[in-house]
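This document starts with one chain, in the form predicted on its own, laid out as structure tokens.
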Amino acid sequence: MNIPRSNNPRVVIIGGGFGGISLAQKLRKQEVQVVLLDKNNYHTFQPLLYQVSTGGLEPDSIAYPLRKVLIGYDNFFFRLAEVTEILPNKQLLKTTIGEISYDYLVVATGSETNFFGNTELEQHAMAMKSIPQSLNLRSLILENFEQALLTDEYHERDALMNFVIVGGGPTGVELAGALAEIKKGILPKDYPDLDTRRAQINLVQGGDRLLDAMSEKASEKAEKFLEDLGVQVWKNVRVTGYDGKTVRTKTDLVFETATLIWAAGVKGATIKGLDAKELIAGGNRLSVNEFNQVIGFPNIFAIGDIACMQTEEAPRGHPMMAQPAIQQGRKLGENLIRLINGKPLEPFIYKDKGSMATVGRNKAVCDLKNIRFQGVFAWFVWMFVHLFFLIGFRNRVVVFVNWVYNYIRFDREARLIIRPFKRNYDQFRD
């Protein structure tokens, strides 16, 4: 990898997400050599992926070059590579560009879509965990409406304009709200020769309420917001299969749709070598102690979505969101320096700053530490928080300008099929 030898300990970080970047920033100006590995050369602000999928933002406004994050950092190196295997006994990593040794290893690989072993769903449903996947979804949504113009069969046309979102968490709720606003304000102008009133947005939740990690008041308000926008909410309905045309459930409910979007769960993105059963906790995550050390490996750490730190306050581990990853990255940076200097480690304590979700224009729900509120004010708080945590001044400005423009014009300019997503439409003509 052409990384020079150093007298300082080498810390290898796998993953340039929230956790990996927070750790790298904390190790700046410390007497360590830091090597950051990622299969992409950019950091993705995942909370806004749904806006890329629905044409509200271009992908470069929520992505930031990892090399730019590390500019001015002494003894820092980035390599574009995917780690294929970890050899803990040799303190060695195998990657797509060669091997690299480490003194301390930090796994911050994040999470990936969890289809719960259903290969049919994995094959035909659309995921939204990365920028390429979001661009595929954006292309598919627009291509479906273009295809709907070409058929005079009502059944086929309805299937092309029917959207089914599985999962009533923040991602599903925010995506459903965005699609409903597109149906209301944009489709009639873009497709005047198409009866877009027949377009349907269905949100399917396996549990008895939306946003089940938030308060009941937030769940009720989010559901009301969605219903006011015309979204059909289906609760206590579990999807069992999708063949690319028909969505099957455990009930008598069946959907005919060309677009099934899967937002029903995520799992840890483990790597070969640290995937033994005794290391894996719920959600396919690595079991770690209160110092984020992987159980049984004192010089291997895991942070963020991939880490499962089970405590009395969080018996199933901390939520797989940005805040735990950021806080764990910062704390681990402090602990690595303490470890190198022979000082005792300090346990990680998660400070829950609350959760929030937006449902659409002037509609959001916020559960902060000591206060809960919904509506317009929650929407402004949601925007401020997301702008604050975006990396890069340019990205903040671009996103803010886009939001202001979209709000004033009630428009989404990024309705572009840059990279067509090919699919076979013949099955809808049966």
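Not measured: the values here are computed from a predicted model. Sequential numbering from 1, following the sequence displayed.
This next part talks about the form predicted together with another copy of the chain, which is not shown.
**Q** Based on heavy atom distances of 4.5 Å or less, which listed stretch (357 to 365, 62 to 70, 22 to 30, 374 to 382) is in contact with another copy of the chain in the predicted complex?
**A** This holds for exactly one stretch, 62 to 70.
**Q** Pick from Phe115, Phe297, Tyr104, Phe78: which residue has any heavy atom within 4.5 angstroms of another copy of the chain in the predicted complex?
**A** Looking at the other structure, the residue within range turns out to be Phe78.
**Q** Going by heavy atom distances of 4.5 angstroms or less, which of His318, Arg285, Lys221, Arg138 would be at the interface with another copy of the chain in the predicted complex?
**A** Going through each option in turn, the one that passes is Arg138.
**Q** May I ask you to state whether Phe393 is within 4.5 Å of another copy of the chain in the predicted complex, using heavy atom distances?
**A** Yes - in the predicted complex, heavy atoms of Phe393 and another copy of the chain come within 4.5 Å of each other.
**Q** May I ask you to state whether Lys277 is within 4.5 Å of another copy of the chain in the predicted complex, using heavy atom distances?
**A** No.
**Q** Report whether the minimum heavy atom distance between Lys422 and another copy of the chain in the predicted complex is within 4.5 Å.
**A** Close contact is absent here: in the predicted complex, Lys422 is far from another copy of the chain, nothing within 4.5 Å, heavy atoms only.
**Q** Give a yes/no on whether Leu150 approaches another copy of the chain to within 4.5 Å in the predicted complex, heavy atoms considered.
**A** Yes, contact at 4.5 Å.
**Q** Quick one: which residues from 41 to 58 get a non-hydrogen atom within 4.5 Å of another copy of the chain in the predicted complex?
**A** Read in sequence order, the residues that approach another copy of the chain (within 4.5 Å, in the predicted complex) are Asn41, Tyr42, Leu57, Glu58.
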